[in-house]
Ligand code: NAD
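In structure tokens, the next block holds one chain alone, the form predicted alone.
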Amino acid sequence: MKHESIKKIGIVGAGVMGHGIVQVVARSGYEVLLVDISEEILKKALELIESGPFGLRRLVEKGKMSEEELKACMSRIKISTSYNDFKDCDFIIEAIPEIVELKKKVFSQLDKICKPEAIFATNTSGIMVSELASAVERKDKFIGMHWFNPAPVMRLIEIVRGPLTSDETFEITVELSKKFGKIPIEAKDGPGFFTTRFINSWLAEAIRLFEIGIAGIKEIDDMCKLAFGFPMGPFELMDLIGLDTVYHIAEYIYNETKDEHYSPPITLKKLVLSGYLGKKPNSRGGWYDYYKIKK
């Protein structure tokens, strides 16, 4: 199979990453099916794809897309609450929460529904590809395809092969990434791959320095932006990513490596357990909200 034979792409999960990926895929000319558990979630995703802060309407306003192109792009997107509708998809990208057993359960279901030649790509930011691939028979057609938030803007896709991922699957995923206007770079399979293990170390260190009183949250964010040229500081970034996502990944990497350096800081755990998840639906807020800090 060649990347040219990929015609219809399925996305599992309509959250922040899922709907962003759908937007990129549809804009690249592919038919795309988005599946999630409720019509309400799916309709909200469509609204964000069209009119959200990184949506297509913004491109029209900037003169980078015509109204006709926007309508054509939206027409290529179909939504469903049934995994059975993935049966004619050629390439599936999973973008659901970072919970190992949940991802494995979904892939096990898809393995029974999807056609044998369909490729499965997980957008996990840190769970080992070999672990998730254990849930399916098609281990040669299973690969890590780690996108970054916001998906329509960020150019990198971290491509991660499992031990049994075929060269064909790898090459198709790399070529597709290029078709999406992204830059694919390979990383080896391991807890957190490169990007997540690196960024989680930075985020955890920022929290620990705050915990021992070296500097405040806003001060740390400001120093990182001013000293290192980062677009946002670690606490602002955690609010964007989701504190629960940062916590679950830190916990996963720590459990796999048993290296204290990767253990989730207590303050992070405390906020997550208290419902402070960052800029997410049904969240009490993030770091700035909990500590009542003005930006």
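Note that residue numbering follows the sequence shown and begins at 1. Since we're looking at a predicted model, the values are computed, not measured.
FYI, the form predicted together with ligand NAD isn't displayed, but the following is about it.
Contact annotation for residue 200: none of its heavy atoms lies within 4.5 Å of ligand NAD in the model of the complex.
By the criterion of a heavy atom within 4.5 Å, residue 266 is excluded from the residues contacting ligand NAD in the model of the complex. Ligand NAD in the model of the complex is not approached by residue 26, whose heavy atoms all lie more than 4.5 angstroms from it. In the model of the complex, residue 146 approaches ligand NAD with a heavy atom inside 4.5 Å. Proximity to ligand NAD in the model of the complex, taken as a non-hydrogen atom within 4.5 angstroms, holds for one residue of 253, 49, 32, 35, which is 35. Heavy atoms within 4.5 Å of ligand NAD in the model of the complex are found in one stretch of 111-119, 180-188, 161-169, 97-105, which is 97-105.
Looking at 13-49, the residues that come within 4.5 Å of ligand NAD in the model of the complex, counting any heavy atom, are 13, 14, 15, 16, 17, 18, 35, 36, 37, 41.
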